Each structure stands twice: as C-alpha cells, then as structure tokens.
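Next comes just one chain, in structure tokens: the form predicted on its own.
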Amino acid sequence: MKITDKFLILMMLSSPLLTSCHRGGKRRFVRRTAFIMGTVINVDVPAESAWAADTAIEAFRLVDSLMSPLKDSSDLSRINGNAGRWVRVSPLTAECIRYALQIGELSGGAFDITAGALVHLWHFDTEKGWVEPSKSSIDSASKFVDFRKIEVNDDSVRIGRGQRIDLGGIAKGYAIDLAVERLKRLGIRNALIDAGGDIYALGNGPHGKWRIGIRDPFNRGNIMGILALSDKSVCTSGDYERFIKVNGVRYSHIFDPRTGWPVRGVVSVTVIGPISTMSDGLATAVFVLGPKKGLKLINSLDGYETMIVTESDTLFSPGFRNYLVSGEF
C-alpha cells in the first residue's frame, strides 16, 4: 500500500487556457479539473477538442468505482470481503492486479498490495497517541503480507484467507493509462494528464515537449530541475511531508512489506517510463529497495529511468539526465 506525496508540478500550466504560436497558427490547450480518487485530476487537451477531456476524466471515475477500498460495491471491497474465495471482477481490475503482481515479482516483494495491514498497525493516519507497535504485532500482521498468494484467472481473483489488498500504490497510474488510451481512440495526439502528481505527457504541449518541474523535497519553494517529456509518464513517491519522528528517529509512511518496518534514508523517488501503471508502482518499489537495489531494478527494465533522492545524495539511472532541460545536481 502506498500513501504518496507528489513532488511534481506543471511549470507552465498555471491557467485554464494555454496558448502558443506554432507553424500553421496557434496551438491552444484547455484544462478540465475534477476531484476523484482522493486527489485533483487535471486534463489538458487542445482547445478544439475540449469535449475529449470529459472522456479522460470518466476513466478515473470508472477506476475509482472498481478499485476504491471505500466503496462497498467496488471490485476491491468484494475481493477483500471474500478472502479465500474466487471473485469475478472487471477485466480492468484483473489487469491492474496483474501489473501489481508483476512489480511485486520484479522487486522481490518490495512492492506488495497485501501490505495494508502494516500501515494501519503503525497508525500513520494520525499522530495522536502514536506508539511503535510491538514486534509480535508486526510479526502477526506480516503473516498476511504475501502477494504470491494472490491468484488471477482470466477475470476472477482470489486472495489468501485473512488477506486484504489495496491498489492505492498503482490504481492512479492505471487510471492515467486508461484515460490516455481513450484519448488516443478519439484521435487526440497531444494532451497532459495529471493525477495528483502522477503524470502522463501525451505528444507535445504549447511549446513542444511538455515541461514538468521536479520540486525539491527538502524545500518546497525550490525546483530541482525541469523535465521535457513526450509520450512518457512520470511518477514520484516520497516521505518529505508524511513522516513521524519519535525519540529523534524519523519513520517514513512508506513501508517495506518484507520487514513490516517503515523505510528510512530515502526521501523521494521519481520514475519516468512509457506506462504510468508501471512507473507508479516502480516508484514505490525503488523507494523501498533503496538506491543500490533500486537502480539495479530500473536498469534491468527497458524504457524506464529514475532519480533517487536520499538524505545525503541524489542518484540517477544512466538515461534520466537525457530528459532534464535544466537543474543542477
């Protein structure tokens, strides 16, 4: 389970109507905004195709209806309410879970959608009365954390008895991909979709490639760098706002599912790649794995790049800097 803070901001998209001159006339974009999946969704499309933005936004509503843990009728709630039994779900839900299992396998369990019990155990939803859980309670909760017990057969899913899954670390990325797919079907070739900082840059923006700023996790008033992206996703996971200090020890809200303990040392991870679902999940996986193993994972995957910010350093995969148009590191 991931409860992420996003560091990405759109440097140039500050108004609902965007205009620039280009060969053949003016290229204008309009923005549609909605609040879905617990975050603000911004969709920027060419002004002449403003109607298409609603189709993209509806993709988020659909995914939320299927994968929200707060809706009793969602596929996710039905799966969790029938642990140990097969549940027929939407093909979209089944596909998203398959992505999650793939990332779980690639990361050796650093990304695990069955880890929600651990987050609740540490009570990161409130600092009032927060206490470090006992080792025995962590061990007890950890018995139900194992993505390998999840089975997917066509459009049916079965989780282990006593397990609960949460797709919060990957569902927004999946919704972005679904929205992009729908825009493409409508013939839209240039657009930008931002789901609370999980972003897909389709085609080009008003001034060529879309420009996306990476906010400094240590100083929210600063920008670390600006990315130029086209037909790429970019997702960031981090703990610079959501952590708790107890007796001088900083506890991240992002957990290592393999140990049951919060991750320490890593501050933020940004992943660029062709598929938002993968970029979203990989950002958490790399955060948990840490710099050495995280870079090894990203370097093993075609088309993905990462930037890892620790408490003392900033590290990059070999191709990440190719997307930077400014920034000193």
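Small disclaimer: the values here were computed from a predicted structure and weren't measured. Residue positions are given as counts along the sequence shown, with the first one as 1.
This protein has a second form, the form predicted in complex with a small molecule, left out of what is shown; the following refers to that one.
Can you check 180 to 188, 79 to 87, 132 to 140, 111 to 119 and let me know which stretch has heavy atoms within 4.5 Å of the small molecule in the predicted bound form? That would be stretch 111 to 119.
Check whether residue 284 has any heavy atom within 4.5 Å of a heavy atom of the small molecule in the predicted bound form, and answer yes or no. Yes, contact at 4.5 Å.
Wondering, does residue 232 line up within 4.5 Å of the small molecule in the predicted bound form on heavy atoms? No, residue 232 is distant from the partner.
Examine residue 255 and determine whether its closest non-hydrogen atom to the small molecule in the predicted bound form is within 4.5 angstroms. Contact with the small molecule, yes.
Just checking whether residue 166 would be counted as a contact of the small molecule in the predicted bound form - the rule being heavy atoms within 4.5 angstroms. Yes, residue 166 lies within 4.5 Å of the small molecule in the predicted bound form.
Exactly one residue in 271, 43, 288, 67 has a non-hydrogen atom within 4.5 Å of the small molecule in the predicted bound form; which is it? By the 4.5 Å heavy-atom cutoff, the listed residue in contact is 288.
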